Every structure is written in C-alpha cells, then in structure tokens.
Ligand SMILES: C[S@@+](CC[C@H](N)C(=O)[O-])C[C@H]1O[C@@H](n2cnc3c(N)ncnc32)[C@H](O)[C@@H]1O
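Next up is one chain by itself, shown in structure tokens, the form predicted on its own.
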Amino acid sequence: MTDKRAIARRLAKEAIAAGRPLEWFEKLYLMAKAEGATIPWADRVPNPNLLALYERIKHIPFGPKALKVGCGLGDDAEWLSGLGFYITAFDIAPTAIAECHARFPASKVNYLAADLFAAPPEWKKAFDIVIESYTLQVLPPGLRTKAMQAIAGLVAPGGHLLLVTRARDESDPPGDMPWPLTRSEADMFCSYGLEEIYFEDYRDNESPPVRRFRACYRHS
C-alpha cells in the first residue's frame, strides 16, 4: 500500500535539513495542485475528532470571535462559521488560502495567509475560541514550544483553546511526521496562562486506530 504521507515526509525532512522547517507546507500544496500529490490531512470534510470534541464541550458559553490555526483547505473553518462563529482562518501556505477562496467563494470566513510565528499584533489575546487541530503534530519538535506559546497568546481572557493532536507515551519513539505529542507537551499550555478544563486520551475510528489527545483549555 502506498504511504499517503511519503511525499509530505520527504518534503518535511528536506526543509528541516535545510534549516527552513516551514517551507515544505507551501511546496506540498503546490505539488498537490500541479501533480495531484496527497495532502495527508486534507480530507475535504470537517475533522471528525474536532467535531466530537465540540460535542463534548458545547455547553460552554463560547464567545463569538474564533480563530482556526493552520486552516488548510478550509473545511473546519466553514463548519465553525456554520455554527455562528465569526471566523478568521489562516495558513502559512498561500496556495492553501487560494484554494479556500476557490472552494468557498461566498464564505463568511476571513481567510488569509499568515505565519503563526509572525502573527499580526492585533491578534494577541483577541479570540474567544482558538482551534488547533493537527498543526502542532506536523511541526518539528524543536518548534513546538514556541508554537504553543504563540497559540496560547492568541486566546482572549476568558476565552478557550481547543486542541486535537496525535499522542504518544513519553517512552515511545517520536516516529515520523506527523510527530505525536506527549502528555507533558500538551500540559505546557498550562504554563502559558491557560488552565485545562477537559482532556481525553483515546483511540479514534481510523483503521488502524490512532491514539490522540482532545482537550479544551481556558485562559484564566
């Protein structure tokens, strides 16, 4: 069976070796557009693990202003918009954002190309709900701490962060991209002004099942 992540893994490895660990995202989207390369996380439907997390915590009175980190082709952002949130959705790959505009020409979502590590200053502590699903797991471990601090800094006081990621034990090898997070890594959000209010360690319905974390944090 062909590994649907083979091209993405090769591009990631090359970018990291070149000291430019974020460049491979745009390269992958360009290859997908020109050559039909597979984008492993782009199923063109809302993330079922994110939907399940929202079902578990939807009793929380979320504010209306939302941000989707690493929006890819836009399916999660469109789902959130349909729930009534005012959504800003960004991705570091301009080609991904162009595809969002092409797929959803009448969308209410504010799509834009942006770098998490150079986010607009007006985003700081600006969003009632920030959604991070599958982005941290495709960042090399050396960038995760910086990324988590940046993500936490986008959550408004009293706001919430939703997290969905692959998971592993501390003793497990890091493996290949996507690199699963450990519980201690997820707990680092609590070092950046957030408090955990929901956490689930589970295996999903994929074949074979994938171990994941689902969590919700509040900006205390």
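When you see a residue number, it is the position in the sequence shown, counting from 1. This one's a predicted model, so the numbers in the text were calculated from it and none came from an experiment.
We do not show the form predicted together with the ligand, though everything after this point is about it.
Asker: Does at least one non-hydrogen atom of G159 fall within 4.5 angstroms of the ligand in the predicted complex?
Answerer: Residue-level check for G159: no, no contact with the ligand.
Asker: Counting only non-hydrogen atoms and a 4.5 angstroms cut-off, does I87 reach the ligand in the predicted complex?
Answerer: No.
Asker: Taking heavy atoms only, is A126 within 4.5 angstroms of the ligand in the predicted complex?
Answerer: No, A126 is distant from the partner.
Asker: Report yes if any heavy atom of L80 sits within 4.5 Å of a heavy atom of the ligand in the predicted complex; otherwise report no.
Answerer: L80: no contact with the ligand in the predicted complex.
Asker: Counting only heavy atoms and a 4.5 Å cut-off, does the ligand in the predicted complex sit next to every one of G153, L194 and C216?
Answerer: Zero of three within 4.5 Å in the predicted complex.
Asker: Of 186 to 194, 54 to 62, 165 to 173, 22 to 30, which is the one stretch near the ligand in the predicted complex, taking non-hydrogen atoms within 4.5 angstroms as near?
Answerer: Answer to the contact question: 22 to 30.
Asker: Find the only residue in V109, V130, A93, C100 having a heavy atom within 4.5 Å of the ligand in the predicted complex.
Answerer: Exactly one listed residue reaches within 4.5 Å, namely A93.
Asker: At 4.5 Å, heavy atom to heavy atom, what parts of 113 to 130 sit next to the ligand in the predicted complex? List them in sequence order, or say none.
Answerer: The stretch touches the partner through A114, D115, L116, F117.
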